[in-house]
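In the block that follows, a single chain appears as structure tokens, in the form predicted alone.
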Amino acid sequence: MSMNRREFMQVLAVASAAGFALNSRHALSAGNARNFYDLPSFGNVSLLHFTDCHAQLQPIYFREPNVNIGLGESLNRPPHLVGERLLKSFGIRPGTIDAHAFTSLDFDKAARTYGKVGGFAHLSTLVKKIRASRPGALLLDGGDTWQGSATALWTKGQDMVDACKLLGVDVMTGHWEFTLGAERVQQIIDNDFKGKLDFVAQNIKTNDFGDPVFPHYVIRPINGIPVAIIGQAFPYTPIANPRHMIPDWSFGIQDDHMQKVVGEARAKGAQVVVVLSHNGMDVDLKMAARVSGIDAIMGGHTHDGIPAPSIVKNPGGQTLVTNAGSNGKFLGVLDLDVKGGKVTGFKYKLLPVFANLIEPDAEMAALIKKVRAPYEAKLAEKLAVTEGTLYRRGNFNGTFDQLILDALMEVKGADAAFSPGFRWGTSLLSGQTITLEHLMDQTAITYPQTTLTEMTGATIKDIMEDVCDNLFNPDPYKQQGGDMVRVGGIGYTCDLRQGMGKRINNMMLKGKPLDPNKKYKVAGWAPVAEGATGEPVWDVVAGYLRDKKVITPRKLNLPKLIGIKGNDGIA
């Protein structure tokens, strides 16, 4: 069902008159909806920011996590707040459209009420509207832009490159971009972006001589004020993704080098220094405390939609740390007041992009239609109908991940299965048809091979401990990737108070303890080692879905968690 904006306003007016169950009365009386995107300008320097859109050109459903556990210094601090705790922390009323944007509460019902989010044609209209009241504003793209959809995979990112140019992106940094291979990245930057868009990264060097691969930063004037944008690409790209795709480049956090680059940009006259980061929010918070002279870090990677900046004190003053969600669902707007060469005030708003509240931009809609046209029939193939909500986000598992695990185990005849803890992937509501496009939203990568490996119980435990340490190491600088590996077939407990090698216990398979010496058949996908062969994961899962036709609600295989009492990162 699609309705135009006027019809949607009428529905909301009727719903609010009827005292609609989700309290939309206050949030979206038709008058309020019209003003939802009226954002008074402030100061004299404005930066717009989106990140981790994962190639989603069309409006989608996207469920925020109900599990985002923080430990150590991150305990009960943003971004490790979910559900009602998050609402309370940021003063958002339950049952409102904002509550739906920022949490998973009442997800299925609220999504049916408020409709889809994101879409580049809608984002484009919003960018134009915000820019109209903020002359000279820069649009920053935090990366994870050229990967995450079928069309991005099949066009080697070209659909997204064209869309971002049309959107008016000024500066970007990267992460999943690099999984298209160093050559393709360089080709886009040298050709498509030349003279139009700056790709920056202070932390990528050549392995041989340590030369910069990309410019560290760019200085752009906004209303006569020189503003430096420093790039920080995902530090652990060669660990989290296949190294053989970028064999000659080294990454890393490199905060000593960051401090030098900040100094250099200031010496060249920058009055405002902003880091466009793909570190993940916990890493940004630590970096903000260690590096002086950064006014704001506009961050991504961990997909955290955080309504207000965290203000971090450091020896040079303070740094604002923001994180702008994922999937084209949000646009961050940072307004700064710069006087006498210094930032003296700020306002920040993370705007949810509700497709029903924004008229699509005609030019962008035409581009999207054009890039999708050759693939439309293939994308629309109906594979099955889901009886339950399907989603991915969450520290330990998601229902779409469970579906992938179930398919791998059944099709491959495996005892157990692993699926990577990727954070990207759109959501489906109960009763929706799962199309090939939806499946590709979960699986579209350049190394999609499925595997079946014999592993001892001891090896299985080692792998799980290793990934668990990536996620829950108390030092953010040692957290190297996504969420916990999704596990099919094996039950376990996870004690978050323990250190490396001691968190995963009581591992059970089919009612029996996992034998450390026995070999088990384990299915998986997305191998980072070079030369892996195997059927692409989307073919395996598509076959399973076509065969089943109806997908019953998935029972999540979740560990029993120990040491989470009083943790606001679990709903």
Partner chain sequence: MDQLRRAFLKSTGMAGVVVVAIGSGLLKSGEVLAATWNKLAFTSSNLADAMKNANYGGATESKDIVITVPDIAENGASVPVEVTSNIPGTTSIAIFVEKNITPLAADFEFSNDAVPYIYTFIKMGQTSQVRIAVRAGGKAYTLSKEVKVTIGGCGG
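As the structure is a prediction and not an experimental result, all values here were calculated from the model. Numbering follows the first chain given and starts at 1.
Below, we turn to the form predicted together with the partner chain, even though it does not appear here.
Visitor: Counting any heavy atom within 4.5 Å as contact, can you tell me which stretch out of 117-125, 83-91, 204-212, 262-270 lines the partner chain in the model of the complex?
Guide: This holds for exactly one stretch, 204-212.
Visitor: Report the residue, out of 482, 78, 489, 226, that has at least one non-hydrogen atom within 4.5 angstroms of the partner chain in the model of the complex.
Guide: After the contact test, the surviving option is 482.
Visitor: Which residue, 452, 366, 239, 429, is the contact with the partner chain in the model of the complex, using a 4.5 Å heavy atom cutoff?
Guide: When the partner chain is considered in the model of the complex, the option within 4.5 Å is 239.
Visitor: If we define contact as a non-hydrogen atom of the residue within 4.5 angstroms of the partner, is residue 508 a contact of the partner chain in the model of the complex?
Guide: Although the partner chain is absent here, residue 508 would stay clear of it in the model of the complex, with no heavy atoms inside 4.5 Å.
Visitor: Heavy atom to heavy atom, is residue 424 within 4.5 Å of the partner chain in the model of the complex?
Guide: Yes, contact at 4.5 Å.
Visitor: Is the gap between residue 329 and the partner chain in the model of the complex 4.5 Å or less for some heavy atom pair?
Guide: So residue 329 does not count as contacting the partner chain.
Visitor: Considering non-hydrogen atoms and a 4.5 Å limit, does the partner chain approach residue 309 in the model of the complex?
Guide: Residue 309 lies outside the contact set for the partner chain.
Visitor: Across 448-479, which residues bring a heavy atom to within 4.5 Å of the partner chain in the model of the complex?
Guide: Going through 448-479 in order - heavy atoms within 4.5 Å of the partner chain in the model of the complex - the hits are 463, 466, 467, 469, 470, 473, 477, 478, 479.
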